[in-house]
Each structure stands twice: as C-alpha cells, then as structure tokens.
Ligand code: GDP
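The form predicted on its own is given below as one chain in structure tokens.
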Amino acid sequence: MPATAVLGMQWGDEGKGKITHLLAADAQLVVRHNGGANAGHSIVHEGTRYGTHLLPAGAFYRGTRCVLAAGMVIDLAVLAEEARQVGEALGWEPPVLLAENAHLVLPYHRIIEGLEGSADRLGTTRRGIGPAYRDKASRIGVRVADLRSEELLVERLYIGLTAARSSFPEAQELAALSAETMASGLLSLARPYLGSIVDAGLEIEKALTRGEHVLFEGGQGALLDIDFGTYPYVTSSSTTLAGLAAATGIPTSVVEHRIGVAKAYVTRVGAGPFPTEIDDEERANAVRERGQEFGVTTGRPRRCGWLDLPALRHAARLNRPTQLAITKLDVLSGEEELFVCTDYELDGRRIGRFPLDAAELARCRPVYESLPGWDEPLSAVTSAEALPRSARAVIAAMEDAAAAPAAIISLGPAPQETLRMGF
C-alpha cells in the first residue's frame, strides 16, 4: 500500500484530527512526525470526543501501531497520562513506538518559556516546545535514546540545566531543580516504553516494504512552519511535506497520497498578521461558537476569518497535495453573505502571492468576492451535488487554489457526517 500524509494547509486547527481518525481505520502504522504537546487533535470515536496531543490517531484502532518520530519533542508526562486515559476508555493500551532520536521536553523547558514571556509575546502554548527545539539545535538536548542509561541521562540533564541556569541566573524555579531528581522522574514515566524505543525511520521503511499502509499525521499547519510561515509568529518545527521527510528519514517521493486539510474559512490562535480576520465581533463570535473554535490544548478562543485563497495557494506550493479534505463547511450555514479572499492589496498594488515577511503581510488588505449564503444545515447531505450552490462554489475555489480535487468534505464532527469522493 502507498503511504499517505495528512498535512495542515492553514494556521493549524483545520480539523486534521477527524481526517486522520477516518484514514487511520485502514492503516497498519500511523506516524506523528512533528511538534509536541502544543498540537491538539479533536477526535470523535464511537460517539465519544477525545482531545489528543501526542498519541497518533492509530491509537483508537486495536492492532494499529503508532510511532512518535524524530521530528517531535515528547513530553513523557503528557504521553503517559494520555495513554492512560485513552487506554482506560478503549480497554487496551495503545501500542506506541518512540524514535530513539526524538527529543524530550523537560521541566526546565516549561520554566524557560514562562521566563522568556513568549506566551504573551507570540501566543505560544506554555508547553516548553520552543526551548526544547532550541536545545536540540544547540546540541544540548536530551533524546529518547538517553533513557536507556541513567548515568548518561543524568549527564545530559546536567548539561541542559546548567545552560538554562546560565541564561536565567536569578530564576529560583531553575535553582530548585536537580539532574538526578529529573532523571528519576523521567525513568519512572518512561518505564512502559523502554522496550519500544526504536529506529523509527527503519520501522517505517520495513512497514512500507511489507506493503502496509502507513499514515503520516502532521501537527499544526503550513502557515505556522518555522521557515515558510508567518515568522516569528510560528511554531518551532517544520510543518510541511518537506518537514515530514526530515523528521522520518522517508523521502517525499514515497508519499503517494498527500491530503491537504483546510477549513472552508480560516482561524488562527495567538498573535500575528491575519489578513482575512472578520472585523465584525458579533459575526466572528457566531462563527466561533458554531465551529467550536477553541483550542484543544489551551482552550483559548481562535481568531476567525474568511477563506484566504492566497494563503491556500502558498500552502499548496509547499505541500503539493494530491487531494483536499475540506472541513467545517457546515459552520457557514446561516451566514447571509460569504466572502472569499482572492488576492491581496499591498501598498496600493494587487498581489496574488502570500508574503513571507510578517510585517509585509500585516499591511496586506484582502480583495474579496462575495457569495450568497445558505440557511439549511448540511449534516444530512449525502452527496456533493446536493450541497447549496454557494457551498459548491467555495469547494471549487479551494480546489482551483490548491490545484487538487476535494476527496473528503466534512459536514460535522462525527465520522458519518462526511462525504468521501475518491479516497
């Protein structure tokens, strides 16, 4: 079976949780390849809603193996609690493999994020993600493989903690930590996984060679990519197809199916430029409430905006989707008039591109086309042809911008509220 990737095409929160959950039913291996506990997926499984942060969607299917790949930063406390909750609900312990070269989120990473103030300045999630990736780049990070040796683990933790204290010498929270105590806590949390630490890239390659269906599950979205997103208002990992290859060691040519997930409108969490943000507070609140646009990880209300085609074109160039999964089309029901941004105006000139300079993007003004809205709910619709004309126009505009056909259209949070067309 060919490999399939699920990739976010906006600022995250596109509904990837539902899409990966649907596709994971046919997968033997599900691989989460970037981010950490800052990325949340909302999944409805057998009528129960779950909010996951580290467990891949394959955890909900008995016999499906899950991998946390090298591009991730793993908080063992979050993983252990999540596995416990899901395992108790399902009646079995989800099988999880940890990449030996994935990095760990450590207690001092959360403290550093608080001391730096990035949550207030950039809208980060206070999960220690940025400091963990920074230690990785600085070559002072602690990796999953270090859990195999308590002596080595203490040594690596001492190096990281010393660096943290040198940056914040007055921080009492850092002074109270010790490498030995942290190592003891980490080894206790890691005990169930010590036999599941693997060369994840090799495990993925073996599965592909056996003809198994491998599903790659991304976190966040293309517009939050550390290199190609709205820097500095981005996450700390690579969220695109190229990032998948770097995180797993599996070349992108192997990934035959690339499902780009995008909402029929746009949201973002935290600070940063957002050209199509709805400036009518009452209208924005109505979309937010209908779409339940509140962060799975933080509970924060998401900023809501109209569909942004220049941004979608940019994400499509980065991810080269073979198909689209369009989500939350149902949320637009009840809107008297809809708006679709086709281009930007920048300093009096019309442009079709998505600027990589956040200051430049902040000066962009959306050029809108309007569509009549519709009143009828969509949850009971059973074919694309039965959708309202304007809903079909929204789909067509997204297909054209992404140069890919819509294969999945989500009309509600439940798995059955889905149109599947050709995938």
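In this text, residue numbers run from 1 along the sequence as written. As the structure is a computational prediction, the values presented were derived from the model and not from experiment.
The same protein also has a form predicted together with the ligand, omitted here; what follows describes it.
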Heavy atom within 4.5 Å of the ligand in the predicted complex - the one residue of Val331, Ala132, Ile204, Leu324 that qualifies: Val331
Does Ser42 reach the ligand in the predicted complex, with heavy atoms at most 4.5 Å apart? yes
Do Arg62 and the ligand share at least one heavy atom pair within 4.5 Å in the predicted complex? no
Examine Arg49 and determine whether its closest non-hydrogen atom to the ligand in the predicted complex is within 4.5 angstroms. yes
Contact with the ligand in the predicted complex for Lys18, defined as at least one heavy atom pair within 4.5 Å: yes or no? yes
Just one of 362 to 370, 383 to 391, 54 to 62, 33 to 41 has heavy atoms within 4.5 Å of the ligand in the predicted complex; which? 33 to 41
